[in-house]
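Consider the single chain below, provided in structure tokens and representing the form predicted alone.
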Amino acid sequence: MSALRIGVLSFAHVHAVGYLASLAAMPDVEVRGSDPDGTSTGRSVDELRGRALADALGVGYADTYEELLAWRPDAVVITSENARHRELVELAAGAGAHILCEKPLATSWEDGLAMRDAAASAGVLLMVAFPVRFASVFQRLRAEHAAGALGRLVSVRGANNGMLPTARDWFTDPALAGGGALVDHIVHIADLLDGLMGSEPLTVTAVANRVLHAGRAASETAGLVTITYANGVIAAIDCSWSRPDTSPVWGGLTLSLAGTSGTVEIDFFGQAARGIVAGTGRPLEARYGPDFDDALLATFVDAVRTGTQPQPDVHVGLRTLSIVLAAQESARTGRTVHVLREEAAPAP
């Protein structure tokens, strides 16, 4: 089996570090990255950008995206700022490379549709990076729900809380991120509900504020979002950057589901050894268990080898984006907002 060539376009996203390391550890995969706009801000791996990060991880590097695509990669992973997803998807599709794009798919509906159409016209796969849906506990939940263990699902409460991003501070810049906590944290839970129920979102009601970290962020830092679905389910999502700077971990994601036959609660990052640091008295938390990113990337690599479209695909990306855009409008206007619907893609 010949080695797959996989390029990583931009190291702007915090996940770029883990993706590069995971891909480099895969057998029969050759990895190169390019991060022409990157500037290192410190000495830790999480703060490195550009060639410095590639060298630290022992992967190949190209000074420009054009140079990387001239290497003729079979596929690329896009880990840029959210607002730059479209240009890089179109660039990669034009080079005939299959694409794994970081979430959210885009920062506007127009960009999301353009990305869908670019991949379709080029005949390349486009997958959206939602790693949490690859957790084994979620696969079990899907199977139990499909078997009727919960009866008719009625309501869902989800929380995706984290620390204010600082190593990659563009997350708090609306021009590059497309917003703040609403953009960053709604989509993971929206994807899980899409994968669990397969039901169309209908309306969104949201409130948001910038009370937390007001002096450090130019966008909303806390939000509460309510979504109604075509199957009658009402979902509420806490999508706040509410973890303090002293938190021993970045954050977490939980789901609580209620059905006519039972309830279930899931803490997706709950496997951890916890304690106290003797010298400082600060909490200590060491997480363990499978790496969801590894499962995500393994699925993408397998899809590239077989030519089979993996999930979550661009249509999932658009549905989750529609919820974010509706939440932003609702928070801005104080009204309940109907989500956008995807029209049929033009024939390639």
Partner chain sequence: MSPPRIRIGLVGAGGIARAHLPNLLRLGEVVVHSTAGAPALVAAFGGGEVVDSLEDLLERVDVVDVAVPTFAHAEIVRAALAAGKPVISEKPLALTDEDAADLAARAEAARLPLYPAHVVRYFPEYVRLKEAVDAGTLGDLAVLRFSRSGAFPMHTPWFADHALSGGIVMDQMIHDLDMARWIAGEVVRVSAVTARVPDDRDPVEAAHVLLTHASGAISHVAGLWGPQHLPFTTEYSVTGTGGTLAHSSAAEQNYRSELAAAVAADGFLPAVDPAEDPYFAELHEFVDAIQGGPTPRVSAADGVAAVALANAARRSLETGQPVELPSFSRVGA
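The structure presented is a predicted model; accordingly, all values stated were derived computationally and were not measured. Positions refer to the first chain, counted from 1.
Quick note: we don't show the form predicted together with its partner chain, though the next part is all about it.
By the criterion of a heavy atom within 4.5 Å, residue 251 is excluded from the residues contacting its partner chain in the predicted bound form. Residue contact with its partner chain in the predicted bound form: residue 97 places no heavy atom within 4.5 Å of it. Residue 152 belongs to the set of residues with a heavy atom inside 4.5 Å of its partner chain in the predicted bound form. With a 4.5 Å cutoff on heavy atoms, residue 165 does not count as touching its partner chain in the predicted bound form; it lies far away. When you look in the predicted bound form, the only residue of 113, 235, 75, 217 with a non-hydrogen atom within 4.5 Å of its partner chain is 235. Among the residues 129, 124, 177, 208, the one placing a heavy atom within 4.5 Å of its partner chain in the predicted bound form is 208. Although its partner chain is omitted here, in the predicted bound form all of 161, 260 and 336 have a heavy atom within 4.5 Å of it. Residue heavy atoms within 4.5 Å of its partner chain in the predicted bound form occur in exactly one stretch of 100-108, 191-199, 270-278, 218-226, and that stretch is 218-226. In this stretch, 264-279, the one residue having a heavy atom within 4.5 Å of its partner chain in the predicted bound form is 265; the partner itself is omitted from this view.
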